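What follows are structure tokens for two forms of the same protein chain, given separately as structure 1 and structure 2.
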Structure 1
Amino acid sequence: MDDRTRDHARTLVEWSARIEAGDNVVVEVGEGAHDLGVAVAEQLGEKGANLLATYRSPELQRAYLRAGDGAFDADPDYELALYERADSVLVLKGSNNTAGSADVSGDRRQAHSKARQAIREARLDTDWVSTQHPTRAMAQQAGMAYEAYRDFVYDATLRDWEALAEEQARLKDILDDGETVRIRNEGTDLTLDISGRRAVNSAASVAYDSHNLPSGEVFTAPADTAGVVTFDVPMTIQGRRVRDVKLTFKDGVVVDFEAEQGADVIQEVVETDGGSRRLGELGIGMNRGVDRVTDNILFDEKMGGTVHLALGRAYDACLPEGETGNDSAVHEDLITTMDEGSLLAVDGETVQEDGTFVWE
């Protein structure tokens, strides 16, 4: 086992999930993440935590979704109870085939997702953390040699998270005090209302209301959105390729969309339910260890010099006490590059220009 895999597991258990003795931990192990699963199990054993491991596989999910009649029981009690009684859920992603479920119909996906809403909420109520083990399939999707991809993953993951948290706190303070965000770039002129919302300093730890490892972003939940945004970073959504997406917002709702590739995927997303046409997240990437696009949202949305917006569900951590944010069965991120000629401003004050923050 690569020594960095053990470092990854230690960072996940100690820094990210803050596991303590006696915690009930569900570990969802991806089909290609066996080594990381073993390393995490060792860490949990040393902590005196309780482990229940489950298996994640796109091919297994494909077989199940395609074989049935499309009718799913709503929130089966046995699965709901698992997450209601868990303290933490650690998701170890690691696919052997990134398109393993690409031929599952959108209707079937949506039906299954809608039937798991209470389960999804119970998982999100735990100290959950999602991370990525490097696999050859992911390296291939990124267009990288496997050895180079492993280096990339660990460079992005094994960071000085305390130092990055301090830097990100500067942007969090600006967003917390702000009311309006303006994003301008080629094909983009978007205004977002963030008044009264809280920003999350996503420093890869539940102590910061952050649930991804790696992380390295500051995000919030817009209350309203108007204008046009173009997403120039290609990505894979639900096993299908999406490229050059353009969304038009009016009164907070997507009123028009187009895509050079994958328009049918975007249509499925926005037609999922009443909340899927609204934004649930504005995220600003600050992890300079992510230095290239890899067609993996866990990394790409954290890349310094990018902004991502998510259609669908808003996170409670961004909302004032007692307020309910955008609710949806989906949360699909799309990314735009903040390069030369771009501007990010809060209440008219420049925060980032040409992809560089004013304090850098």
Structure 2
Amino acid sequence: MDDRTRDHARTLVEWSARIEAGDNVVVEVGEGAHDLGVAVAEQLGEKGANLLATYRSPELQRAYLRAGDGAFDADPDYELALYERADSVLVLKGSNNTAGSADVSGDRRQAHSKARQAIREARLDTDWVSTQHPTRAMAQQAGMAYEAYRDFVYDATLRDWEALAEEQARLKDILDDGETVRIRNEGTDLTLDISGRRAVNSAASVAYDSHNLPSGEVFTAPADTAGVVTFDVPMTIQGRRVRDVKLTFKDGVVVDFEAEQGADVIQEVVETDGGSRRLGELGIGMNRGVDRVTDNILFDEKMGGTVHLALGRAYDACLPEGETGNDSAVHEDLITTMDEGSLLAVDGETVQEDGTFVWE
């Protein structure tokens, strides 16, 4: 086993999920994540935690979803009982084919997803963490050789999380106290109102309300938006490519959009419902281990020197008690690069210039 796989497992169990003796842990092992599964099992054994391994397979899921008539029992009690009694769910992604369930219709997916609302909520009520084992399929999606992709994943994942959490705390404080964020780069001049909103220091640990490994971002929920933003990072949204999306906001709402590629996808997203025309998230990437785009949102949005904005649903963690944020069935992230000539400022004070934070 690659030593880094063992380090990955240790980081997941100790830093991210904070597993303790006696915890009931569900480990969801992806088709291609067997080696990470073995390393996680070893860590759980060392901790004296309980282990139940489930099998996360897009191919099984595809076969199951396509075979029936599209009707699914609501929240089968055996699975609900399992997750209601689980303390942690560790999701080890790692597909052998990222298009493995591409021919399941959206209707089927939605029908199944709707029938599992209570199970999903029970899972979200645990100390869940989602991570990814580097597979050849993921390397292929990134357009990278396997060895190089593994280096990339472990550089992004095996950080000094404690130090990054401290650095991110500075930005969180600035955003918590701030009222107006200004973002400027080539094709972007945007103003966001964040007064009264709470930023999340997303440091790859449940102790920081953060459920992704890697993480490395600070995010909040804007209340109002005006101006223009261009997202130069190419993305795959709902299986389709989008590139150079430009959105124009007035009074918090998208009033105009264009794209070099995938304008139809953006149109579908924007027209989903009332909330999908508004922003639910302003996220600032701070993970310097993510040094390139790999067409995987788990990594892309954490990249140091980028900012991402999401159309749609806001996270509750960003909203003070009693306040409701933007609501929508969608949450679609789009990313813009902060490099030469860019500026990120809060209440007129520069926070980041030319892609470098003032304290870096």
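Quick caveat: nothing in here was measured; it's all calculated off a predicted structure. Residue 1 is the first residue of structure 1, and the numbers go on in sequence order from there.
Two copies of the same chain, shown separately. Which of them is the form predicted on its own?
Of the two forms shown, it is structure 1 that corresponds to the form predicted on its own, while structure 2 does not.
Just want to know which of V104, D127, L82, L164 is the hinge point between the rigid parts that rotate between the two structures.
It is L164 that sits at the hinge.
Which angle, in whole degrees, describes how far the smaller rigid part rotates between the two structures?
Smaller part versus larger part, rotated 16 degrees.
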